[in-house]
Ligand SMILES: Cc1cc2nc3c(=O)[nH]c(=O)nc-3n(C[C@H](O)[C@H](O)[C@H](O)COP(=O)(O)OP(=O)(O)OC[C@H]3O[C@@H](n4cnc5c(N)ncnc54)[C@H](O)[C@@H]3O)c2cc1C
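In structure tokens, one chain follows: the form predicted on its own.
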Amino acid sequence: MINFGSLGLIALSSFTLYAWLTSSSLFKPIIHKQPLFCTPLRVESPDHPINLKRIVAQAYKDKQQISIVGAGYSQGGQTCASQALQINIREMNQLINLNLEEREVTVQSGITWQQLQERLSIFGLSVSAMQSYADFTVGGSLGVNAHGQDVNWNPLSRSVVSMRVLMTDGRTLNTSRSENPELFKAVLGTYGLVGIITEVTLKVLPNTILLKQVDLISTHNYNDYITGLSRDKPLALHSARLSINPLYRFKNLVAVNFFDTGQLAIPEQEDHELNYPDTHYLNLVKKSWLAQTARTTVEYFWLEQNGEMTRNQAMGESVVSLKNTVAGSKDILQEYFIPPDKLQLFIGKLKEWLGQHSYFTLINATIRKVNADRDSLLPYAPEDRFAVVLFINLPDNETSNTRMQNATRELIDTVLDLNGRYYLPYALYASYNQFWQAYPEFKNVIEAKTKWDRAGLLTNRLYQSYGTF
């Protein structure tokens, strides 16, 4: 067993990454760091749990509301509330303990996935599941119960062994599936509304060599295709990108698979730099009909290549790869969780929806496999689902945003009719009734919040928008 609590093995802090990204004139985030309508009273950045506890104790005494922010990429104010104290956890980023025998790692919640990957790879290990980009914090990912591309360990909650949670009344409680299990479920995927995660113990995996295989298939055959992927060799990671060709939209897709060879990577040969793919073509797609038409062809024959890489490398991409360079526009994400037997129907409905709205441009549409969430009080996938992620570019003005909200509500109605759900970390476009139809379990979150956050200090724009009966 190796203890790093006193060593402070810190690489690039997520705060430094955040400062660089937001100051760079070349980078415009795919999502606003904080909505213009959300102005925190002030921001505190504790670097130790004792300092965090002191800040919360003062807020409790002052009856001051609190919101929690990790990497700060949520789109709709899920990490912020006007006139609330915002606590930034990114400086609490220590690796505390690594248990090689049990393959478990304990970290502070402000550590980024990139920082964790760097430290694990030294010992031939990799994270089990994470968001698709490495510069998010572990605590933030748990707050949204992210799923990523791993087909076995998603949602992220599957890899969580235990957590330490600071309550607003000053108590720090250990939580797991056997210790304070109600709190365990109430904290995962509930956007910092019940307690503040300070430490997490995660299951980790060997950092093996993965074999990348890229296939071009008919969308109509996708369900059968993915069902048969693991029959001959173990599938580790998977995603599929639908063709956005306006002439043959969604007719085919590029499937990107990573199969586990079982061969361990050599730590000395691992490249720890974040992956920054060239983004020129991605931004060209936003402006050029011809680029949209050729997108799938370019990806399959040139951009995506079969090959080998380590698990950490395959999961190590950065949001910088999505930087927007188109003036006067912004990029947004949306995500929908569809029952497997309704996927093809949804894709057809999605195609119709896009044909009805021409003021925005679909840049990317990705399908991922998501396992049923049995841990969170607020599951986006109560049963196995396919996640369809939309990457959209639209004019950066109020008129366009209003039109996008109205169009999104149309699509949410379609998803609800198919017994699906939409994901909550993005813009708060859904109506009050749509939110409660999609997430009736939110009443359980409110009950848990009443029990564990008795002073009602934890808040954010999501809760303020939908958290009343």
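A quick note: this is a predicted structure, and the numbers were derived from the prediction, not measured. Start at 1 with the first residue shown and count on from there.
The same protein also has a form predicted together with this ligand, omitted here; what follows describes it.
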is_contact(residue 46, this ligand) in the model of the complex, heavy atom dist at most 4.5 Å: no
Residue 241 within 4.5 Å of this ligand in the model of the complex, heavy atoms: no
Touches this ligand in the model of the complex: residue 423 (any heavy atom, 4.5 Å): yes
Non-hydrogen atom contact residue 368 with this ligand in the model of the complex at 4.5 angstroms: yes
Within 4.5 Å of this ligand in the model of the complex, all of 129, 157 and 438 (non-hydrogen atom): no
Among the candidates 300, 336, 191, 184, the residue which, in the model of the complex, approaches this ligand to within 4.5 Å (heavy atoms): 191
This ligand: the contacting residue among 313, 94, 141, 257 in the model of the complex [heavy atom, 4.5 Å]: 141
Location of this ligand contact in the model of the complex, chosen stretch of 224-232, 353-361, 78-86, 284-292 [non-hydrogen atom, 4.5 Å]: 78-86
Sequence-ordered list of residues in 66-89 near this ligand in the model of the complex, where near means a heavy atom within 4.5 Å: 68, 69, 70, 71, 72, 73, 74, 75, 78, 79, 89
